[in-house]
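In what follows, one protein chain appears twice in different forms, each by itself as structure tokens: structure 1 and structure 2.
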Structure 1
Amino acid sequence: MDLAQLKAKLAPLGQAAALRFADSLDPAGKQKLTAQLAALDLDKLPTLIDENVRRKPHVPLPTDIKPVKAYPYRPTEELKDLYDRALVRGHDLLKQGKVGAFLVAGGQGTRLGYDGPKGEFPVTPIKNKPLFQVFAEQLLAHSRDAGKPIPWYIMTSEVNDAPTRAFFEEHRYFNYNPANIFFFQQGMLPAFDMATGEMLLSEKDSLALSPDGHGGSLRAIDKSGALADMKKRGVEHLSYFQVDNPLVHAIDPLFLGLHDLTDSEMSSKTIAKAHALEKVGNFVVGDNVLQVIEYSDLPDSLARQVGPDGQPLFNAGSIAIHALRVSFIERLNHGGQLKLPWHRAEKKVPYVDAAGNEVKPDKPNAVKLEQFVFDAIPLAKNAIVYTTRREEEFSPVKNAQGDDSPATCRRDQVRRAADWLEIAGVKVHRASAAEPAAVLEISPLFATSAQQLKSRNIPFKEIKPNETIYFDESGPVRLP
């Protein structure tokens, strides 16, 4: 739409103020603002604002909240046959090219003190590989083992799309075939004035935009053409993971097989919480429906409940690792509107007022809206939860220091490498019960799991204190 068409469109919607400075803008400014507005679903704005800005939607907690019964990490005797079949099924899906990888990578490394996309952040303990390379090597290894390339869908954001593409190009796509990588951008939404519901301007030529939440990734898949690409390639399942967690198994054949054999439309991984009030979502069965309740919404009285064995009853933490059927994503987007609820947040948002002056509010003045991917779980048929281990698959990089920092993540990568080596029959000397006395890094190109490492030829049976050993594609290399 051009400027005249947008003016005609916005006026009856009560949003004419978004173009109050348009006539005074230079051609580049006009193009920028019109492009932002044209990208919005303007016809749906009045309903969105009425339901989520002018009023505060109240979503009551379920009346009956019960702990979820998750599939265990190791199968019980009665589940052994299912797990055996699931592992075979997962590998078959990969060999048939029916699995795609979906990386949510719209974030910046600001909290880490890094000026750029978070996926560029160097994270491994010896080679300092960036997060993007860690995932690329995993997917290359699984593609190699399956004899079939895994399409890789990478969701960026408006702020980091161009730098992310440039980073991949600079590093020759980490040896991934660019034809099998599909970049697309997350959707953006304007902040709305809390009193009037009008879209706020951050500059005369720009809306005050922010990402529409990780749930919006399911909308972006459809709008970007990624969904059509999946269907063209015959991809039936997506392995969903987020960019800040290098321990994640980007592809997990057992998990994918369980997801498929149980006819689940959306499956999720869980870990035991570090403590009752850990700030992660909680998988529960609410009014007989599997769902996630945010840590801030789950009553402390429930979070602290323990069973006869003294263990917490509500102990299934959500870690943003999922498997989704492509047909489910298509169904969620049917009719052109993603069928997920909106979450409302009141924020202090700087804006340009009617006189063109910048205003920095000292109290919340605006509403930002987001959708969360876990809200798709109650809409999925046969949704399941599978238990993984924190030390195996969850050590995100979020903060510059303290918990969830580069230091703790590198520590956890070394710990996992030591655990894998011990499973493979290699003695690893330890500084303490938890801490290996050596620095270790295992490229996914050498092994993507402890079981695969066990099948590899390791030319020694002991790792001595203070050694630094990197396992590249062909085997271990002792470093000075």
Structure 2
Amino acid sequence: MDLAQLKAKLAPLGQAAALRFADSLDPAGKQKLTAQLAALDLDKLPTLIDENVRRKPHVPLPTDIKPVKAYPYRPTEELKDLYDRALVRGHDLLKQGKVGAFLVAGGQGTRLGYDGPKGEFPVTPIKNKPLFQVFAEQLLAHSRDAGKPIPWYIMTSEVNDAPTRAFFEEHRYFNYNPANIFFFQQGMLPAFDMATGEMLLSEKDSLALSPDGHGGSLRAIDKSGALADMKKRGVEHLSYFQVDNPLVHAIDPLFLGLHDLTDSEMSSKTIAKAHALEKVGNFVVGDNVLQVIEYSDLPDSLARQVGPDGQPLFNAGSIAIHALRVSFIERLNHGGQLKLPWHRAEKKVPYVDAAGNEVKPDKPNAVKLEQFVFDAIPLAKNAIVYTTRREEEFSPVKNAQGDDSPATCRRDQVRRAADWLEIAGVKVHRASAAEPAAVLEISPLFATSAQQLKSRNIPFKEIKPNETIYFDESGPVRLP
């Protein structure tokens, strides 16, 4: 669409303001704005705005909300056979090349405040490896063990696509074969003026755009050709994880096997919440359908309910780790329509006003809309939830300081390394019950799990206080 066509299209939609400076722009500015507008689904704008900007969408809570029955971390006697078969199935899927890794890294990372894509952030306790490298090493280790490369799909967005690609190139793709990495961008949406529903301009030649939420990944996968690539390669399942959590088992054969054996279209991992009102989504069964209810929507009375064992009944926290069937994503996009709800947030968004002045609002002036990946769960057949442990798999880097910060994440990596070593029969001296007295880092190329570590040769049986030990691909290295 050229400028004239766009003008003709936007005026009847009540969105002519987006082009109010267009005639005065230089060719590059015109091009930029035209491309941004042409990338939007303009025909759907009026409904989107009516339903989500002018009105606050009312999503009724299910009337009947029950706790979810999640698969336990360790199998009960009854589940033992299923878990044994699931582990074998998971490994078979990997050996057959039927699993792809799916990393969503399109977010803005505003809370961390790092100047660049979050995946560049140096996160490990000794080597300061960037998040991207931690995942690359995990995937390389699993590819090596399975004897089959794992195709890696990485979603970026306009805010970080170019620097992300450059970072991978600069680091020689962390030894990953670039032919097995597929970068693609998610969609962007403009912020809308809260009063008028008009799209806001951040500059005269630019909409005030932001990524359309991690749920947008399920549309972008299709639009970008990533889905077609998966089908060409015979990938049937995706292991989904987010860029901020280096503890994630980016590939978990047991989880993948359970997901496949139960014919689940979308499976999720859960952890016990730290306390009843922890700010994480809750897996529940609402009106007989598995779903995530956000912490802000789960009534306190339910959140605080305890069972006969004194444990909270609604204890299944969502940690954004999923397994998805490729055929499910295909079905979700059927007819070019991904029907996930929009989540509305009222924000302070700087903009250029009608007179061309830059305005920095001091109260929320705009609505931003995002889709969330967990909203696909109710649409999935046979969706399951599997329980993992926080210490084992969840310590995201969200904030610069305090909870969920680089400091807590490094601490948790060291703690997990110590736990794994203890399981492997190495005594680790502790400064306190939880805190190892040494600094430890285990490369995923040496071990991706406690079980694998147990099978490795570790030439000592004890780690003394104040030691710093890095386990590289070939074994432990004591550092000064």
Ligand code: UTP
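Each residue is numbered by where it sits in the sequence of structure 1, with counting from 1. Here, rigid core means the biggest group of C-alpha atoms that superpose within 1.5 Å across both forms. Being a predicted model, the structure only gives us computed values, none of them experimental.
The first of the two structures is the form predicted alone. Taking 2 Å as the criterion, Asn288 does not count as shifted between structure 1 and structure 2: its C-alpha moves by less than this amount when the rigid core is aligned.
Annotation for Ile458: C-alpha shift under 2 angstroms between structure 1 and structure 2, rigid core superposed. Once you line up the core between structure 1 and structure 2, the Cα of Asn357 ends up 2 Å or more from where it was. In the core-aligned comparison between structure 1 and structure 2, the Cα atom of Lys347 sits 2.5 Å away from its counterpart.
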